[in-house]
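This document opens with one chain alone, in structure tokens, the form predicted alone.
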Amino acid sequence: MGDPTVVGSKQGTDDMMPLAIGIDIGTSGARAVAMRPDFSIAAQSTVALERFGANGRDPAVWWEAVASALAELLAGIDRAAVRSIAVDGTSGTLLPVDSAGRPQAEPLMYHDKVSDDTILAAVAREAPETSAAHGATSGLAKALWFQRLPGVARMLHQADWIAGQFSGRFDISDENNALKTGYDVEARRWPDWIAATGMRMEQLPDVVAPGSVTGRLTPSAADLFGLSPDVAVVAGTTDGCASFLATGAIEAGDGVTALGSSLTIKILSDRPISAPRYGIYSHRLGDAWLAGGASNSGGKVLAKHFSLARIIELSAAIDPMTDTGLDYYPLGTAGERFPIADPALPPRLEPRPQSEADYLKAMLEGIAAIEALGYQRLAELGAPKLTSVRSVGGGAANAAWTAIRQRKLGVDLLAAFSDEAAAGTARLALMGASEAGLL
């Protein structure tokens, strides 16, 4: 495990084209994609964090994985063609650093909770209801916790710190990563109420739009990777936003459904959508907005009843053009957050038909109905009418489920350009290179 996969060649006319590199640092590893201006992928690589140690919280491990993935990527392309680099990371992961960018404590990861009641009460008291900074896992709660430490100069998100290894800048973030730390993406500034929580505002990073050029490679980074020091370092985004961008969804009304262990839907909107009751807030992507929600239904419910091999076998026997007539709401346990906000909502998986294929079909129908209701709910909250859906995640490969979803959604299901978050970040790197006149 951990052996990188590289796709690409130094040969051919396509490889004379300029390239932008997107890097995704996640919970399991680092991925890198080299993209041409026509959005075609010249090369990609993947390296597992495990190769560099068991502690996935160690920033040194993050950087070693990123450096290895980038080195493997560059081995398959013309380094002289590289014009820009951008990074995405896990949303809500925060790291306190000194003025030179040296970590001052182990980071708090995206899912880590701050247990200090005083901090949580201060955020709850001061933050507007619509802010994404609420909750024990928010970036702001983590920043308030870390500011107690000596030697801290700045609070950086995971992607910010990795980008700093390339640019030497440890004082800057992007609008998407800063959202859960309390940044006001509509006003495009850190709001005054944050200071009222006790936060030292000088420790918060400067914030720019994703795709903005933030600097150039440092001489040491350029030497390390054999790249020109003129390569632009471009502001990245969160892993979730990068995954959306990777699909090629670019128009208002374009939706992306992630069919993984849970069911997550997102839509590109021409206006921000905020609905705390459903856990919905909006990321800013230029002049557009990315809004969405996550259901407790999804693949993990299917996995409680069927093995993957059995799902594949039974799916081949399903007629997706007919309905079972069973009105399932597949949940693993009681409780739903979106598109129905009810912590006590019970699973509905009865009556059970005798046929296992029909049972699976009814569950697939139920999850598809939840997906359709989710997009309907977003429209009720102000999002544009759904015009198309691209699908990512393991469930996207199930042809029977795809046909069932097509009927329930009533819109075209388009092929995703890529399901690699790094490809979405490479699009931002292309944007930055274009704006800087490097393409």
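Residue numbers run from 1 along the displayed sequence. Quantities reported herein were computed from a predicted structural model and do not represent experimental measurements. Take the two forms, superpose them, and find the largest set of C-alpha atoms that agree within 1.5 Å; that set is the rigid core.
Although it is not shown, the form predicted in complex with a small molecule is what the next lines describe.
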| item | value |
| --- | --- |
| Interface residue in the predicted bound form among Leu204, Leu302, Ala232, Ala249, criterion: non-hydrogen atom within 4.5 angstroms of the small molecule | Leu302 |
| Proximity to the small molecule in the predicted bound form, single hit among Leu259, Leu144, Ala368, Met155 (heavy atom within 4.5 Å) | Leu259 |
| Options 67-75, 293-301, 186-194, 119-127; stretch whose heavy atom lies within 4.5 Å of the small molecule in the predicted bound form | 293-301 |
| Distance check, Asn398 to the small molecule in the predicted bound form, heavy atom within 4.5 Å | yes |
| Touches the small molecule in the predicted bound form: Ser388 (any heavy atom, 4.5 Å) | no |
| Distance check, Ala81 to the small molecule in the predicted bound form, heavy atom within 4.5 Å | no |
| Gly393: touches the small molecule in the predicted bound form, heavy atom cutoff 4.5 angstroms | yes |
| Within 4.5 Å of the small molecule in the predicted bound form, all of Asn55, Ala222 and Leu224 (non-hydrogen atom) | no |
| Per-residue C-alpha change between this form and the one not shown, Ala60, threshold 2 Å, rigid core fit | no |
| Is_shifted Ser261 between this form and the one not shown (CA, 2 Å cut-off, rigid core) | yes |
| Core superposition between this form and the one not shown, C-alpha change of Ala178 at least 2 Å | no |
